[in-house]
Structures are given as C-alpha cells and as structure tokens.
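Consider the single chain below, provided in structure tokens and representing the form predicted alone.
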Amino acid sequence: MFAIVLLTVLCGAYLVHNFYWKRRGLPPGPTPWPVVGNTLEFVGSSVDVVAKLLEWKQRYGPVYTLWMGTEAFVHVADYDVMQETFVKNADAFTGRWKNFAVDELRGGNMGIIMSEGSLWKEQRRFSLRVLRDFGVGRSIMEENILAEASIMNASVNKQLANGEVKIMDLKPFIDECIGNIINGIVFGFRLEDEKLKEFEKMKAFIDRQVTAASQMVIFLMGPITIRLPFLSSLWKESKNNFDEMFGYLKRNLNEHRQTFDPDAEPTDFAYAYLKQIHQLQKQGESIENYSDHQMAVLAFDLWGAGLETTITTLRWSMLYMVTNPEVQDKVHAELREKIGDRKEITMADKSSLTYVTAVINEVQRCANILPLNVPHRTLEAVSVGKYLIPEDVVIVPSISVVHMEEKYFPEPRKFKPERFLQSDGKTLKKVDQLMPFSLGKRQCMGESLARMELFLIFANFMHNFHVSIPKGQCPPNMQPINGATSQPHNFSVAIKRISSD
C-alpha cells in the first residue's frame, strides 16, 4: 500500500513539474510530452517544419516556448523582436546550446559554429582576418570562383553533343565545384584523382548526417539513452560519420604540418593556423585556444558549412527553374539583353542583372535551408518582447518563419522574384526581412563568399544552359527532406546548351 501511495505521489509530482512548474515564467507554447517534449511534432518525412512554427506563432504569439526533450527552446518569430533581441542586445545572446551529444561529437567547446566565450571570439576574429587576407569578398576570390564555375560548365557541356537534350543529375557537378572552392581556401589544393575520391566519400558522410530524419533525436541523447537498443545504432552511425569527417580533415592538416615553413607567407587557412601557433609560441603567449583538435573542428566548420549551405541553395535554384519555366525564360532574357555573347559574367555585372539577383533572393527565401536556426543561449537575464528570459536559456531566431510571413512576403508559398524588385520591374529592392545568413553577432561569417558563389555560379550556368522537367516525368517533389538543412529530394533535369547564335 505504501509503495502504491509513494508511486502515485512521485508520478503526480513529476506531472506537476512537467506540465506546470518548469514552464512557469517562460513564454507560452504547446504542451510538452514527458521526456520527449515537443520533438515528436517534427518527426516524419511529411512534416512541414516551417508551417508548424508558423502555426505556433499564430497561436501563442511572436515569442513562444518549445521543449526539445526536457530543455526549453524559446523561439523568436517576429522580425522587429529579432532586431531588438539579436542585434541591439547582441552580446546577451552569443552563447550556444550545450548538450551531451554536441560535446561528445565535437569534443566540447570547439570550432566556431557551436563554440562560445573567449575561444569563439578569438577564433572568429582570427578566421575573419585570414579570410580577408585570402581575398574573400574581393577580386582574387572572384577569379577562383569563376575558374571553378567555368570548369563545372565545361564538364556539363562535355556531356552534351549536337544540341541534344540530356537527362542529368547536377548534384555531382555542383558538389565538386563548391568543394574545390572551399577546399582551396582551407587546404589550398584542387580535388583531383585520389583527393577527389576521398572528398566524395566525405561528402557522402556529410549528406547522410545532415539528412538523417533522426538527427533531432540524436542531439537530444544523453549518456544513458545512447545505450538503448534503437538509439544506440543511431548514435554509433553519427559517431562514425563525425570520426570519418574529422579523420579526413586531420590527415590533410598533418600533411600541412610536414611542409609548414614558418617564414613563408600562408597560402591557405591551414598554413595560416599553423603560422599563428608558431608566432604565439615565439612571443611566449598562450596557445590554449589553438589546440590540434580545435584546429580540426574549425576546419570542419569552415569546410562543412561552406559546402552544405551553398550546394543545397544551388540545387534548389535548379529545382525552382524547372518548376517555374516562365521565371527561367525571364532569366535568360535578361542575360541575353545585358550580357549578350560575352562568355563570362562577373561581379561587375550584378548591378545590371537585377532579375537574376532577385531570383537568387527568392530561392534563398523559399528554400529556407535552415528551418530551425542554430540555437543561441542567453548569457544573462534579458527581456525578449514582453517576457523576461532567465540566464542560460536556449533561444532561437525563427528566421524561416519571417521568410514565410504573409505581411512581409504576400503569397509566401509562391515563387515570385518580382517581390525583390521595385514597381518598375528593373530596380532591385532591399527587403530587410530576408535574412538567409542569420543576424547579430553570430551572423554567418562566410556571407560575402556565399553571396559571390551563388551569383557567379548561378548566372554563368544559366547563361549557358536551359533546364526543364524530363519529358514524361512527373514534376519533382518540392517537399524538403527534414534534417539539419532542408535538402531537396534527389532529382534529374533535362538540360540543353543555349545556342550562341
């Protein structure tokens, strides 16, 4: 009898804690299930994550709380509140979500994307300086991107003969193009022969990891749950993926150590990192933030993030072209008018290619490749909207919700590049609510590189080719695959060369 009473009291106490006590003082939100919180709402290939987030905003307001497992995630789903929160009061939100899985897979407070504190500040400052030194955002980087775009277009063109239409999967071409750009920055070499095969293997590991439907479950695991029968296999797969990726990076870093010359000018990021370590040691300063593992995780963040987001955006751009042929016709018309027979499109052409630029903006808005933005963490108690959020609470800017907000983007589910043009249809219009690279102090530091890649690669590709849905095939599946990024399902296009006559 006593045992039954005790069990009843404990169950009652747990339920009161789960459904009331832990939620008090936080913004409202959907009721969490015990242990799993609201995570089940995101499970399933048919779930529209952004639609779900929009539904909760409409029900609970611009600031609401979701529970990922047993941890509160405060979502900020309004542009004005985001500006007040993550821009004007940026320092209070520069922390990162910390949990068992992140620490185990990445080795603790390492790298730059998921790190915080003095290490993050120093590594971000160092990384930005090195990227600037290597010409990111300047003409030297433009030349590198144009060279790789030209090689990619030549490879595609080689598959076509006598004006024929061919059905092709463009993903391998895009993978290799972007892979060569980011690999050139990080490690200083092109992907050829064995290096290309090794890259393709590592890219497959990245693809498996970011598209895993169970990824959200993985990042909610703890030291006990990773031993449960079903979850243990998921955990082992993720560990293996990360071990393989870190192994690839460390092998390339070790090759740099063998040839490092402290007196030579660095030619890539890895050499710049080794030189920084050498200079700090020479000056008798601490190299605590420059460990071998930090070097590997930072390379992973630069290499992985630089690949994944740009590749995915370019793949979506091809999908939107085949599903919106009238938009593609306008792209080709503008390129004929502004570029003509000239073979290469450069950044100097961007100001005149306003429709092309508007198309890229609309691709980024519609694709919404980060449906759940990288979580921040409050470093002090701070006001968010009308709520006082305690210190050490996970907080997320729901940028994907803003991108689908009717008041900012009428008919948000339609692909309408014209929304980024003035009424004359020719002048580009700045829309502040488009934030594909996030905002505040944790805004993507590779933004200028990504913008240059997207414009140069997309514009030069469309200048050379026309893509369409293969004859006899159904329209492609436009529902994204849920994962770390919203990736498109595998697809092929019917492609033909545009005549220069």
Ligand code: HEM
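We number the residues from 1 along the sequence you see. Note that this is a predicted model, so its numbers are computed, not measured.
Same protein, other form: the form predicted in complex with the ligand, not shown, and the subject of what follows.
Comparing 189-197, 167-175, 283-291, 394-402 against the ligand in the predicted complex, the single stretch with non-hydrogen atoms within 4.5 angstroms of it is 394-402. Although the partner is absent from this view, F205 stays clear of the ligand in the predicted complex, with no non-hydrogen atom inside 4.5 angstroms. Although the partner is absent here, R442 is a contact residue: one of its heavy atoms lies within 4.5 angstroms of the ligand in the predicted complex. Using a 4.5 Å cutoff between non-hydrogen atoms, G446 counts as a contact of the ligand in the predicted complex. Using a 4.5 angstroms threshold between heavy atoms, V363 stays clear of the ligand in the predicted complex. I369 is the sole member of M221, I369, L421, V384 with a non-hydrogen atom within 4.5 Å of the ligand in the predicted complex. The partner is absent here, but in the predicted complex a heavy atom of I113, alone among V130, A149, I113, M347, sits within 4.5 Å of the ligand. Residues P436, F437, S438 are the ones in 406-438 with at least one heavy atom within 4.5 Å of the ligand in the predicted complex, listed in sequence order.
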